[in-house]
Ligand SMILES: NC(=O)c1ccc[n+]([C@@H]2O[C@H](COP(=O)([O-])OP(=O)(O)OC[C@H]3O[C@@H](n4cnc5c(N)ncnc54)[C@H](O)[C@@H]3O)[C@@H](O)[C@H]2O)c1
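Presented below, as structure tokens, is a lone chain in the form predicted alone.
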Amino acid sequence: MSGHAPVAIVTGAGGAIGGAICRTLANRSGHLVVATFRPGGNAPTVAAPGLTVQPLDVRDGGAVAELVDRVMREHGRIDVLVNNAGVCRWGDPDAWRHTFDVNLFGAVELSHAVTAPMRRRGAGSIVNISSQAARVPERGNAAYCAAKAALVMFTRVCALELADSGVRVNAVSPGPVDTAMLRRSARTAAQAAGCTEAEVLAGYAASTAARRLLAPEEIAAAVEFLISDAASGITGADIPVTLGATTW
């Protein structure tokens, strides 16, 4: 990196997985990390050297462009983008639109914005956080499953189109991770099924070979590997971090 600390943008830092990714990159990898979170939401509780936090609506193309321009002015480079921002909404067409706007089109906006500076440098790494739900259908959660599946295909196409420029694009697809989002989903599923939230969470854990939920730090470790020089031969991949889960 020519003596400069790598610069990373990580979205969705207000959540457990995003916060773990920010801490891992800033602490273990020594990145300068720009962490974003949903305006009006809870600010992320992340603290590490070289880490700055600011609100960003990933659906707002103008705000995305402004963020990328600011990072380039202040640091002169963008080495890493982690598209982690995501929501899980159940219900009507408005819920579908919101889910796709955040989970898919937010990643499209940011990827488009960082591509030009990465191309100019001839290097860069983009990691999209998808989900096991991209492969395994979950009853009542069609919007989330479909959006995450689209994100995986977006990853593959971007990898193909950017390969000759030195920019790598990969995805990480977590299984059941112990997060506030998973617990909200479990609560909704429990109400629909007439059982308890604890029973649904136990079912998620039982779906893995290790019979436990994943920790956010395990997802962060996969991201750290994919952006490292050790993964220089990997692009267009979708890495399942699922503890061997085959069903939800």
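Note that this is a predicted model, so its numbers are computed, not measured. Residue numbers here begin at 1 and follow the sequence given.
Omitted from view is the form predicted in complex with the named molecule, to which the following refers.
The candidate spot formed by 6, 32 and 125 lies out of contact with the named molecule in the predicted complex, as no residue has a heavy atom within 4.5 Å of it.
Interface residue remark: residue 220 is not counted as part of the site for the named molecule in the predicted complex, having no heavy atom within 4.5 Å. Using a 4.5 angstroms threshold between heavy atoms, residue 103 counts as touching the named molecule in the predicted complex. In the predicted complex, the named molecule sits within 4.5 Å of a heavy atom belonging to residue 184.
Residue contact check for residue 180: one or more of its heavy atoms lie within 4.5 Å of the named molecule in the predicted complex. Per the 4.5 Å heavy atom criterion, the named molecule in the predicted complex is contacted by stretch 168-176, the sole one of 116-124, 67-75, 168-176, 153-161. Contacts between 64-92 and the named molecule, taken as any heavy atom within 4.5 Å in the predicted complex, involve 84, 85, 86, 87.
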